[in-house]
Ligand code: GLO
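Just the one chain here, laid out as structure tokens, in the form predicted alone.
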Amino acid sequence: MKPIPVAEQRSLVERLTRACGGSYTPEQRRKYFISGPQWAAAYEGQALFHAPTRTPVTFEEVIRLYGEVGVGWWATHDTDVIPSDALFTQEQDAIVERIDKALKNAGVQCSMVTTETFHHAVFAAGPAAESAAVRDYAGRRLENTVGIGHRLGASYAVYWPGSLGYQIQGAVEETQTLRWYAEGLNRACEADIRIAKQLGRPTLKHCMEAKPFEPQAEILLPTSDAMLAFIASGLLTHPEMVGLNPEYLHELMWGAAPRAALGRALLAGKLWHFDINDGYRLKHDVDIAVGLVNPLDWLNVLVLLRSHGFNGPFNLDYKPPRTTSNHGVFGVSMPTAVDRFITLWEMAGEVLEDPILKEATEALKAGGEVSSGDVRDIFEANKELLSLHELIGHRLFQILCGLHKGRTFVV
């Protein structure tokens, strides 16, 4: 193939994208509670070892393009859209007004807001630092974000305490730091109750998001299980207002099974929000889009969620690759990520209705006829049925690949 002229490259990508097929219309995509974060679409490709590969985009542009693609909800950190120096000022009010207008023009709703407590230099020692002034500033930021969320019609607030920890052992006293962190969440919940009452709105759902690594060397709340214990610790004045926002990759990063972590959150009644992406076990936070690494695992995750009636919000917390152009973010990356999720979600529905899987799981539950309580008799009565575990795995693979509908390859 000859070199492709620059002027022809975009049309080639668009043609091949259309040739892939399997896409959904914007109207079909809007039927799912999928939210697009400002930070995902505005990510310029920069990282610790990476220079930017894309040019900046405004929140108006991001919101407009989400609306065109068919992502019906939008989420943001406070400082993704409001400069730090403009917080608590009339400039903040003007920016929030612009955001509200952009959302209405695009037919998009704000689903979630979150406070950046990790990037600014003031959070070098975290939002629960020894300095009372730092903690008070963090508390005011949390309260302010709650107000922004109500102004924009959000229903969720998310907290990622990635800077709640330390680089040097012995530098902080863990129990005191956790108490200080709880004080910040308590301020957010109290502000929420007050603002919601004034506006006649429901309070927000406050969701904690765990991550085992980064940016601190040691994290005090590294997993969803640690956060469940924290919520139940007695430190929160309104634990009923606080739940979880697990992230698929954050659970995978430390070698855990995301489905198992989600199951424990479901049992606790605390699975309120879910960040969706993909990646690799025991690696850093690569934030690849759904289904590009672990499609079979993702199918199983969605089977669990569908079987428990969870239907969102699903937040697209991933980074379009550095190799994707500005145009490609919304021409390829976002729509294909959404479409893979929808396909896997619908496949999960097929799994729940599949007659082979139904009969296999019911047979396992029924067990074999036991002639006595002797341990050997119990084993003998069930040993053939246990082969169904592997058959279930095979059937899930068939559904993932379309083999259950007759797809075969001629050798």
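Remember, it's a predicted structure, so these values are computed and weren't measured experimentally. From 1 onward, residues are counted along the sequence shown.
What comes next is about the form predicted in complex with the named molecule, which is not displayed.
Contact with the named molecule in the predicted bound form, defined as any heavy atom within 4.5 Å, is confined among 234-242, 114-122, 218-226, 179-187 to 114-122. For the candidate spot formed by Arg30, Trp73 and Phe274, no residue has a non-hydrogen atom within 4.5 angstroms of the named molecule in the predicted bound form. Residue contact with the named molecule in the predicted bound form: Glu251 places no heavy atom within 4.5 Å of it. The shortest heavy atom separation between Phe314 and the named molecule in the predicted bound form exceeds 4.5 Å. For the chain shown alone, Trp39 is a contact residue for the named molecule in the predicted bound form, at least one non-hydrogen atom being within 4.5 angstroms. Although the partner is absent here, Trp298 lies well away from the named molecule in the predicted bound form, with no heavy atom inside 4.5 Å. Proximity to the named molecule in the predicted bound form, defined as a heavy atom within 4.5 Å, singles out one entry of Asp278, Asp285, Asp78, Glu143, which is Asp285. Out of the listed residues Arg259, Lys205, Lys211, Arg306, Lys211 is the one that sits within 4.5 Å of the named molecule in the predicted bound form by at least one heavy atom.
Of all the residues from 128-158, the single one having a non-hydrogen atom no more than 4.5 Å from the named molecule in the predicted bound form is Val158.
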